[in-house]
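To begin, one chain is listed below as structure tokens, in the form predicted on its own.
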Amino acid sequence: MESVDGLILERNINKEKMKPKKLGIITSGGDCGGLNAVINGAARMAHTKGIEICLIPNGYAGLYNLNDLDPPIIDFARADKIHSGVAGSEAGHSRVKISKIKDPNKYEIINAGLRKHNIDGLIIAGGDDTGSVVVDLTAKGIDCVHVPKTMDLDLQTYSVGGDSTINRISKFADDLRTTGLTHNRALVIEVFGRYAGHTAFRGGIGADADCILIPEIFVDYEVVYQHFKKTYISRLLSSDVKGSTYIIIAAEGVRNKDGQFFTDEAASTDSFGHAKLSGVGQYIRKKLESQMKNDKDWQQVLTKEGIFVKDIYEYPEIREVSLGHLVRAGGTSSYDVSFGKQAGGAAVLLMLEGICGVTVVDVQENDIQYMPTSKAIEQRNVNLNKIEFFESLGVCFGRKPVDYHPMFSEQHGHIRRHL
């Protein structure tokens, strides 16, 4: 027996006798880049090690209905047809929490399905909600290894999909700058991330956004407005064609003045109890418009620059844009392909060692790093010390800038960066 952070991990003593002969792979939760790389990596490693691996379609819904399915074997030829660079999942997803299924025999049904198809263990790729089910299944005696997957980047370890999403946010925001400059518009770009601001933060930095609003900071809209006004007017005055814009990247989890999340009131919660977050972009737009209407400086500036038109163009136009599922879709970054293949393959190797109930952290040379899934799924928020650095570069985060006080240390050997 081996103890890691209080969690007992069972190792097989007789590996030949206990070695799994067939594994199932599940992808669950929201779609994103890197999932097909996980499947590909797991399938190829299983082939190398001489064991079978199959896809269990449609996440935990498929696991519950496994008795009625014929999960396809992913042999080398089938794995070769899975393009790692395409986002989404060959296996499909569903937002189903096993413990919420109103069937007292649900775990017996799942075990029966696993026995029927001779599946000895599960590799499950997903985020915190998916991971919570991994913990649940492990407690019920089902061997599982968790591959971290969430574009929100709010797990304790790096997660497949994060880098792909950050790159897509940056690319779309940068593309939208052209329409902002053409029409002298300010743009509020709303992005996914739920209750953590990692993707908005890093995606906004990558896009040279002027203002980045995240759940970890309660927004002072007077600070945002003054930064917007100063930046927009400065660009306008320095442009020989009288053009300007201002880009705000806002995480969907930014709260209103009462500390409440913006939710779609018509949408019901999913089986994990999460409400759909939406509407923060519109809220920010209306706040800034209200402040502009009461600011007489705009008439003076726009008149001087030959732009002001009474009752028609009295202050800059602001538009909100929700990138929505665009940041989940399309392609996968090379980093996520590489990490996804490593994590999928490492999950197979952990299974062969009898190490279950854990989350893959990293593969460093011949060192496969892991941690208990119960710890890995604890929410990680943006470290505000990182914000202070970029405030020093002039980016607004919806608060009065905090001075950045650096410390200096010399590092030796390999250093892994955590986005």
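Worth saying up front: this structure is predicted, and the values here are computed from it rather than measured. The first residue of the shown sequence is 1; numbering continues from there.
Unshown form predicted in complex with a small molecule; subsequent notes refer to it.
- Across the options 242-250, 221-229, 303-311, 188-196, residues that bring heavy atoms within 4.5 Å of the small molecule in the predicted bound form belong to 188-196.
- This chain is drawn without the small molecule; in the predicted bound form, the residue among K341, R328, R202, H117 with a heavy atom within 4.5 Å of it is R328.
- Between the small molecule and the residues R235, H183, R95, K106, the one pair within 4.5 Å by heavy atoms in the predicted bound form involves R95.
- Although the partner is absent here, D163 is not a contact residue: none of its heavy atoms lies within 4.5 angstroms of the small molecule in the predicted bound form.
- Residue contact with the small molecule in the predicted bound form: V145 places no heavy atom within 4.5 Å of it.
- Within 4.5 Å of any heavy atom of the small molecule in the predicted bound form lies no heavy atom of L213.
- Mapping the unseen interface onto this chain, I123 falls outside it, with no heavy atom inside 4.5 Å of the small molecule in the predicted bound form.
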